[in-house]
Each structure stands twice: as C-alpha cells, then as structure tokens.
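So this first bit is one chain, no partners, the form predicted alone, shown in structure tokens.
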Amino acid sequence: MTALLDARGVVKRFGGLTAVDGVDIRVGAGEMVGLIGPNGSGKTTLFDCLSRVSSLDAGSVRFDGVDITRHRPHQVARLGLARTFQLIRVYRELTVFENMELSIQWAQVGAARLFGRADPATRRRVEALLEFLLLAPLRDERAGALSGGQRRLLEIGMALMSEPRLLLLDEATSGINPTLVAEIADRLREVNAGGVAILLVEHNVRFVAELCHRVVVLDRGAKLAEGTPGQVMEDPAVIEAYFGAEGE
C-alpha cells in the first residue's frame, strides 16, 4: 500500500525525558489505523510531531511524498493533513455554523474576504457536514452550550471542512456518552469509506478494534507492537503493558 504518511525514526525529547523514541509509523491512502498505548506512552506527543505542532529532535515525516519535517502546521494543513486535539478546541462563543465557516483554509480565500460572509459553496459544505454529523438542528447554538460529544462532532466537522486526505483524531471518544460514541464510529466509517485516511489515538481499545484495519501500540515512547486488531490484542507484551504481568 502506498504510504500517504510515512514517519521514520521520530524522536522527541523534553529535557532528559525521551517522550517519543525512534518511532516508525505509516498510514496508507484510505487506511484507518489505531494508535494505542498506556497513559504517558507518547501518543499525543507523536501526533504533535506528525502534524508539525512540535519539532522533531530526530527522524523525518513525509506526507504524500513531500518531506514535511520542517513544515509549519498551517503548511501541513494546506497539503491535506488535518487533526483534532485531546482537549476539544472550538470557538465556544460562536455558533456551530460560524465555527464551521471559520475552519476553511483561509489561504485559499484571500485577506480581502477574511472578514466577509463565506461564499455559497462554503456555506453549502457547512450545511452538508452539519447534516452528516447530526448537528444541523444545533446550527445556531453557541458551541459552548453543546454537550461534550456534540462539541467533539463539531471539532471533527471543522477538521473535515478543508477536505483533508488524512485526519488525525486524538481521543475522539474521551468522556463521551456511549450513545454518541456509536454515532461517532458510524460517521468515521463513512468518512473513511469516502477516501479519507484516519490515524486514531484512543484509550477505548474496543472502539479501535471495531474500526481500524491496523493498530500500532506505543509503550514508554517506543513502538511495542503492530498488526491487525486481533494480533495486537492477543500479544502478551501488549497485555502486560496495559494490565501488568497478571493481565491474562
């Protein structure tokens, strides 16, 4: 499978702590990959490196054949790599619709239109995504008034506004009502079926197993295992990392 994202030997240090230790990770076009591991294993730090929020101390990151190791986050976004964050990032005082409008890639719009009304095509895309994410009835509500699950769906919608080819999702189900977790899973399947590759950080291992084609496991900053969900969940090293020596 052709690698859309190809990161090799990624290292990130914070003083004397090595948070990510020589990790290789690939995501193919149209693939859905889970990234799991115990708390503190380096998952979000690796995401920060891949999306260029954080610099690398060693290694390289390529996206669709382009070396993005020294790119800035907005440059990576314009190439087609979007992400969400562990702590939900929405504009709480703006409406759901306004949040979506503000999420297009403004470099394609131009400074003269930055503060004007979005064009009809953008507004049609907002309407379509809100309908798809079950948020259309809330279009005029302030984002801060939404539930945690609804804000997570809004954040996913904001990431999809730029029509990315790869979506990095950090803890998409954290703190979410189980009913909405099922809705999020259904929406992610549809997004992926539409050709968008997804790299998913999750603590909900069952969620990952049901969605992902392949799973990568981190432990103490290094790659511990990789394979199909079934292979990974049966790996003794993975069981011990999650549950200790008596994990069985």
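Start at 1 with the first residue shown and count on from there. Note that the coordinates shown come from a computational prediction; the quantities given were computed from them, not determined experimentally.
Just so you know, the form predicted together with a small molecule exists too; it's not on screen, but the next bit is about it.
Interface membership of residue 25, defined by any non-hydrogen atom within 4.5 Å of the small molecule in the predicted bound form, is ruled out.
Looking at residue 233, you'd find every heavy atom of it more than 4.5 angstroms from the small molecule in the predicted bound form. The shortest heavy atom separation between residue 34 and the small molecule in the predicted bound form exceeds 4.5 Å. Although the partner is absent here, residue 44 is a contact residue: one of its heavy atoms lies within 4.5 angstroms of the small molecule in the predicted bound form. The stretch among 209 to 217, 184 to 192, 55 to 63, 35 to 43 whose residues place heavy atoms within 4.5 Å of the small molecule in the predicted bound form is 35 to 43.
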